[in-house]
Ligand code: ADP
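Here you get one chain, nothing else, as structure tokens; it is the form predicted alone.
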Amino acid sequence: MARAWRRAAPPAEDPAVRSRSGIELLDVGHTYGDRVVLREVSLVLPEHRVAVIGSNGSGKSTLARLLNGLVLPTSGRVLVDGLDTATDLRAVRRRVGFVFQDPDAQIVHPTVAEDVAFGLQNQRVPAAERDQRVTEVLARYGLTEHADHPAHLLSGGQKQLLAIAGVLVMRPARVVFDEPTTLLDLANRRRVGRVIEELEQDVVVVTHDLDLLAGFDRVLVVEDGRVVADGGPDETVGWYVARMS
């Protein structure tokens, strides 16, 4: 189990190297009031697909939210392509999209097409390009015929696909998923799993769905606010399951 316990390499100090390393956490800690949620987390995440697993309350969702500045570290720094989430938040969020566990928390406009277009409007993307990008992403996720339908009337699986479409239409380089399959039935869990598997973007997925992790490059186990295991999915998931048994 040596690889499951390897310590992440320290972040590079050379800015040219740092800019290629993707996401970095530098001795990061986070507290909510007096409650310590994360402590002394240092990671470099250059891989294409990274998963974060752990029990409820371990700190994994807070870790995910740090990656695009939804949460800012109480101590330490989070860098995306060398940009600090505390000082370059807008630029970071252009690079890192975030998909919530509950799509209703992400869907803000009445119709499907309007909801997907919302972020592009905020970025002042020209109307013709905006319409083209919305049309493309709705077709990609089988939502074209629902474009003018009320978003709140979609099924649970369709809502999750809509939330994903609303992120991907922004063309981020990376996408963070926080428990993307928890509220879905088996068929839709598998469908969302295939969507994640086919993405060209780098992904970080927080999940309890261990079946989702086949083929991932790296799995982190978070426990009591620390990364306690870090390695390939076979060994790390096996170690985690044995620990939880």
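A residue's number is simply how far along the shown sequence it sits, counting from 1. As the structure is a prediction and not an experimental result, all values here were calculated from the model.
A second form of this protein, the form predicted together with the named molecule, is not displayed here; the remarks below concern that form.
Asks: Report the stretch among 27-35, 189-197, 210-218, 41-49 that approaches the named molecule in the model of the complex to within 4.5 Å, counting heavy atoms only.
Replies: That would be 27-35.
Asks: Could you confirm whether residue 68 comes within 4.5 Å of the named molecule in the model of the complex, counting heavy atoms only?
Replies: Residue 68: no, not in contact with the named molecule in the model of the complex.
Asks: So in the model of the complex, is the named molecule close enough to residue 182 to count as touching (4.5 Å, heavy atoms)?
Replies: Contact check for residue 182: no, nothing within 4.5 Å of the named molecule in the model of the complex.
Asks: Although the partner isn't part of this model, could you tell me whether residue 201 comes within 4.5 Å of the named molecule in the model of the complex, counting any heavy atom of the residue?
Replies: The answer is no: residue 201 has no heavy atom within 4.5 Å of the named molecule.
Asks: Determine the residues of 35-71 with a heavy atom within 4.5 Å of the named molecule in the model of the complex and present them in sequence order; the list may be empty.
Replies: Heavy-atom contacts to the named molecule in the model of the complex: 35, 37, 55, 56, 57, 58, 59, 60, 61, 62.
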